[in-house]
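Okay, so here's just one chain, in structure tokens, the form predicted on its own.
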Amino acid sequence: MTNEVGFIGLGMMGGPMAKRLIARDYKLTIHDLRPEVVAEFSDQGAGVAGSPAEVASRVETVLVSLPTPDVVREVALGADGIIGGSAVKTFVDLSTTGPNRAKEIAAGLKSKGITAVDAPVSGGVTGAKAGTLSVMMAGPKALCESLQPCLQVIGKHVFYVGTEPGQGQMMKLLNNLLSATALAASSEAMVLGVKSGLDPRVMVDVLNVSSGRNSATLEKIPRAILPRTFDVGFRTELQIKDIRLCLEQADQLGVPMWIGQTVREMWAFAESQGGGQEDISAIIKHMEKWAGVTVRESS
């Protein structure tokens, strides 16, 4: 592929990824609904398009990073969507869309000669800024290999997981379910430890050299919970969306998910208390409230 690509969706994840591509001399044509974001990228040399279709009429490869499956579908297949572009050949979805929607979009684009590659990413805003994301690609192998140089700008680990549309999405959903489980369970454990009189920093240090360590104890709790910044960079409502998509796949495939169902209930409770827009690290506040303690760095 050439170094001329389209990028749609310049939010908390898409913005840093797009900036890394510009810094590596990729010529971007961008689209976003927020004028101030468009202006920022225009000042950095990116071309500006008024719609996804216009992006797809200027470049052969379009990357998208969008918040929900419905938004991805509209951008891909809507009236002003990528499907209406005259130049586009490859659609790369960096979002967490889910296998069913990925298959639907791939089939719709295929009717116009456009090949879809699902390439969801993991690593959060910190990883997006640092270029250390994990990328999970699914699509025709030769095409995915040609995309490697571009995706290696945003991801430290680029995996090829399969040929079929949606396989990258399935891998991402499994990852996010485990991540959500680790944060919920670790938050409960931290609250219990503090209630019993343990120092939370000592707890984290012990866990991280012991068998209980996980992504929450290694990164989220020490960085966002102990200092009470709650800034992992991922909203609770999006976490719930990913869990729901994963459990829908389990239902379709007849796989029991007893623990997964409990995890969904925990996160749904957090959202029901008005926390949908809150950072995922704020889930611990509900457990703290029940227990009457606060998990924070000692002064």
Ligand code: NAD
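Note that the structure is predicted; figures quoted are calculated from it, not measured. One rule holds for the numbers: they count along the sequence shown, beginning at 1.
Note that the form predicted together with this ligand isn't included here; everything after this is about it.
Here the chain stands by itself, but in the predicted complex one stretch of 70-78, 103-111, 83-91, 138-146, 70-78, has heavy atoms within 4.5 Å of this ligand. In the predicted complex, residue 193 stays away from this ligand, with no heavy atom inside 4.5 Å. The shortest heavy atom separation between residue 47 and this ligand in the predicted complex exceeds 4.5 Å. Taking the partner from elsewhere, residue 33 is found to have a heavy atom lying within 4.5 Å of this ligand in the predicted complex. This ligand in the predicted complex is approached by residue 234, whose closest heavy atom lies within 4.5 angstroms of it.
Between this ligand and the residues 221, 154, 121, 180, the one pair within 4.5 Å by heavy atoms in the predicted complex involves 121. With contact defined as any non-hydrogen atom lying within 4.5 angstroms of this ligand in the predicted complex, the contacting residues in 8-33 are 8, 9, 10, 11, 12, 13, 14, 31, 32, 33, given in sequence order.
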